[in-house]
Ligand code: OGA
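Only one chain is given next, in structure tokens, and it is the form predicted alone.
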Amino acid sequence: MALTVNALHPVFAAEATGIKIGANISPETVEEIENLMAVYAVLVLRDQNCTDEEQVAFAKFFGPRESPAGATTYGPQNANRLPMYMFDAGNIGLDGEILPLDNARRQMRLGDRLWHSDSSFNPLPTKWSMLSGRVIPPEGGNTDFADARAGYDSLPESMKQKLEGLVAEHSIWHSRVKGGMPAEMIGTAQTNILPPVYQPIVRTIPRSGRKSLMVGSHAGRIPGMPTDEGRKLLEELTDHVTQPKYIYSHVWKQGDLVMWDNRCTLHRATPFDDTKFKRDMRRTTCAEFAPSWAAVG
């Protein structure tokens, strides 16, 4: 079956049909998906109902796959219940039940409700994420996406010039505390494993050649600027990118797989009754090879 595409939003995001993910994807299909992602940045694949193995194999076609750090940041009791290269984005514990309110992984997940780009706190920048919906709550729990390319395009020329060459400090611990995680849960062991990194505020995206803003909740400081001034600028840019006209809100159906480009979108989880309903979401993320600025600082 040929790939067909229907736009979901005026500036980005599309639904594609005619593909079943897994290990048996042709080079032509891989190239077609790369081209679609360069245009739409968010791609929805319905009715996948994939296995973990199929999702992990599919991700391999598009770049080096990231591995979760949960087991190293909070010990074996919070180890990922899923295979290597797969992130647990749900609210289910190792016992298959809903995580208790004081669970460290649940506290970490609070930050996911802020606008962010996956793993911008790592030296190696991420390329795409792929999230599959295995168990969906009956209401709520949408994932919102914002197009940071459209946001950049609409900036005044004076702001574009101001941003050229600026970098921001990204830290997972900045976003976790901002999202409501108690600061006392973050110790030296955690900060040593995931120290701050530096990313350019403006990026040019490969293949499309479009510029984008790399902002969001992980970004907390601009080196060379007073802390308050830099933080205010980052928050203003995030607010600009996440205006309603740049947002696509995905209403999940069981079996969906949604792909997005972390280099030119922000996303956030939206609330649902997570003490009552299970939400089993599984993410694979592809990295890209780091340019020299990834090690700055």
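Residue indices: 1-based, along the sequence shown. Every value quoted in this text rests on a predicted model; they were computed, and no experiment measured them.
FYI, the form predicted in complex with the named molecule isn't displayed, but the following is about it.
- At a distance threshold of 4.5 angstroms between non-hydrogen atoms, residue 267 is in contact with the named molecule in the model of the complex.
- Not displayed here, the named molecule is kept clear of residue 213 by more than 4.5 Å at the level of heavy atoms in the model of the complex.
- Mapping the unseen interface onto this chain, residue 58 falls outside it, with no heavy atom inside 4.5 Å of the named molecule in the model of the complex.
- In the model of the complex, the named molecule lies farther than 4.5 Å from every heavy atom of residue 147.
- Between 94-102, 167-175, 197-205, 116-124, the stretch whose residues reach within 4.5 angstroms of the named molecule in the model of the complex through a non-hydrogen atom is 116-124.
- Between the named molecule and the residues 181, 89, 136, 222, the one pair within 4.5 Å by heavy atoms in the model of the complex involves 89.
- For the three marked residues, 152, 162 and 242, no heavy atom of any sits within 4.5 Å of the named molecule in the model of the complex.
- If you take 110-144 and check each residue for a heavy atom within 4.5 Å of the named molecule in the model of the complex, you get 112, 116, 118, 131, 142, 143, in sequence order.
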